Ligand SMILES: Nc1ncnc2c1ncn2[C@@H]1O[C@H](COP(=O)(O)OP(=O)(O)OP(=O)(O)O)[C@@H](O)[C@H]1O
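Next up is one chain by itself, shown in structure tokens, the form predicted on its own.
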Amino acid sequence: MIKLDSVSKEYHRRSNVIHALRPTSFEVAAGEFVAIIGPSGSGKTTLLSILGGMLAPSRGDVLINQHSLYSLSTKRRSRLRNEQMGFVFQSFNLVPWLSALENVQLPLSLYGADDACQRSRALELLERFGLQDRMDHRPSELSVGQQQRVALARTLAMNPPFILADEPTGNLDTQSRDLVMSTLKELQAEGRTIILVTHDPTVSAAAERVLHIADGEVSEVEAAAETHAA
């Protein structure tokens, strides 16, 4: 379970105060799929970064399974992110000089897993995404859809219970987008919690709940299935 308790984020520019996120409280239950929608600059990425332990709020707190995220030291918070959270980005964030296999191994390497464990887990995940014959290819040698599949495989390397996705389909064609969304639904069916940021209503329709954000204000809208039907 993830809970935001009166969380806000402000930036000070000279004499001006920019409210990137106004006081917000909500919960995401274990195994739930929640989409956060809103226009560019509305605060979606700020909210996701706070949820993911990457950006400290100005006020309020984030609770992960009832433990305060921002009361942890930087080192402990980083370890929690590595163990508990998987991140999917629009830009994939693959290391360009590493092979697909090495990119998937990276979280395990940072965690200190032995080489045999790293390779076994990475091969298992690449096979899951149909990329076993591309394991020695670098990102520049892969199609955009293949790069996103490598990124998804890397996200799962540590078997995280929480998946945070920031516009994961933004650079993809329809076929690749559908693959990403079907994968996220599979991950939810496995019991993982999915929080996805998007501006695309077609993508948000896959979620059980939709939160709308505009000018830093978060509000809950009707269930995604109802929104899609309307």
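If you're wondering where the values come from, they're calculated on a predicted model, not measured in any experiment. Start at 1 with the first residue shown and count on from there.
Just so you know, the form predicted in complex with the named molecule exists too; it's not on screen, but the next bit is about it.
Peer 1: Which of these residues, 183, 204, 169, 42, gets a heavy atom within 4.5 Å of the named molecule in the predicted bound form?
Peer 2: Contact check passes for 42.
Peer 1: Would you check, heavy atoms only and a 4.5 Å threshold, whether residue 46 touches the named molecule in the predicted bound form?
Peer 2: Flag for residue 46 set to yes.
Peer 1: Give a yes or no for residue 20: in the predicted bound form, does one of its heavy atoms lie within 4.5 Å of a heavy atom belonging to the named molecule?
Peer 2: Contact with the named molecule, yes.
Peer 1: Determine the residues of 5-19 with a heavy atom within 4.5 Å of the named molecule in the predicted bound form and present them in sequence order; the list may be empty.
Peer 2: Contacts from 5-19: 11, 13, 18.
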